[in-house]
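Single chain ahead, written as structure tokens, the form predicted on its own.
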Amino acid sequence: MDLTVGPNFFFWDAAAVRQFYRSLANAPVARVVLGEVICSKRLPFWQDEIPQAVETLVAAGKQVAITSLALITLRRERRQTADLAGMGLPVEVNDLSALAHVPEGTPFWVGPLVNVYNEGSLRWLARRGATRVCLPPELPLASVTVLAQAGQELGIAVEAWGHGKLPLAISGRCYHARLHDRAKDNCQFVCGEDPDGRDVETLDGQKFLAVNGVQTLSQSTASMAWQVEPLRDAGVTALRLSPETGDFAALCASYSDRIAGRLSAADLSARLQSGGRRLSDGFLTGAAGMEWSGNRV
């Protein structure tokens, strides 16, 4: 089992993007997915960083893929998606309509925003050319086990969500803009004020979700700190770590140590919680997604 860094969900400026991918060059991760997955309007602010990031990461021995958008709706977005296949990198599909722009027989990856819930979906994707699939993070361990075993039979590498706020939904509307009384087409990129998303509270003040432009996320940070062994036994080949602010390279190193047995689940959990994170892993093993295995120890 190794580590994959997924695409950044959030809107960071070019300097932050540049520093982030430079820091990953020496991080103990096997592969990195680049590109804009949430909102195409953000891309012009940092897209010039992508070629250098690819060059740096490839030189450091990482596999690199480029992501599609999670919701492709505009003609401009369809053109951008069509251009991805010409970049010389595997395309990670996060909207199945992107497959219309991936030539038959061309290998591609599948991201966690595609609902791969059963073996039939996995077999169809394998026939179409998928070589790597990150499963949706809401699947229970029993389903992950079935799909990981099917992936082994089909020659597909199966990843599971390892760390990060869970991607729950994509909307045609922008909650960030609405919150600030702005139209989506005149959002003034207010999502950039919340580089890890903005918490949403219930009417009685309980934090339970986060928003990121048109995306809805969990408020808690899902972590597989206590689930490394069960996922490895299930046949999962990699854990996916989702970018966030802070020393992300050090976070990657901590998960690498956990996988290698140099760090215990309790110690990794303590490191993660020292930053004030609320952790969860309930989709995998609990009755509700917000549950956390560390509370049962």
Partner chain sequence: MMELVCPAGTPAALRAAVEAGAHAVYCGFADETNARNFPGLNFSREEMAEGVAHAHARGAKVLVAINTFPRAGAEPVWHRAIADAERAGVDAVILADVGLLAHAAEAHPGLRLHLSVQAAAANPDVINLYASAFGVRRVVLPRVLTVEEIAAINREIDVETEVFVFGGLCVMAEGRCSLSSYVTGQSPNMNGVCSPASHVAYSEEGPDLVSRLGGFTIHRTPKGAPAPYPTLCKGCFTSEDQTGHIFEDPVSLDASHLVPRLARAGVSALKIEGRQRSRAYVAQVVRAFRAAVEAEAAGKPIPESALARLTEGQAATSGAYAKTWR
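Positions refer to the first chain, counted from 1. Since we're looking at a predicted model, the values are computed, not measured.
What comes next is about the form predicted in complex with its partner chain, which is not displayed.
For the chain shown alone, Gln227 is not a contact residue for its partner chain in the predicted bound form, no non-hydrogen atom being within 4.5 angstroms. Interface residue remark: Thr73 is counted as part of the site for its partner chain in the predicted bound form, having a heavy atom within 4.5 Å.
Residue contact with its partner chain in the predicted bound form: Thr106 places no heavy atom within 4.5 Å of it. Shown alone here, Asn94 lies within 4.5 Å of its partner chain in the predicted bound form, counting heavy atoms only.
Residues with any non-hydrogen atom within 4.5 angstroms of its partner chain in the predicted bound form fall in just one of 236-244, 64-72, 251-259, 47-55: 64-72.
Screening Ala126, Ala157, Leu89, Leu168 for any heavy atom within 4.5 Å of its partner chain in the predicted bound form leaves a single hit, Leu168. Although the partner is absent from the chain shown here, none of Leu34, Pro195 and Ser274 has a heavy atom within 4.5 Å of its partner chain in the predicted bound form. The partner is not shown here, but in the predicted bound form the stretch 175-213 reaches within 4.5 angstroms of its partner chain through a heavy atom at Tyr175, Arg178, Leu179, Lys184, Asp185, Asp194, Arg198, Asp199, Val200, Glu201, Thr202, Leu203, Asp204, Gln206, Lys207, Phe208, Leu209, Val211.
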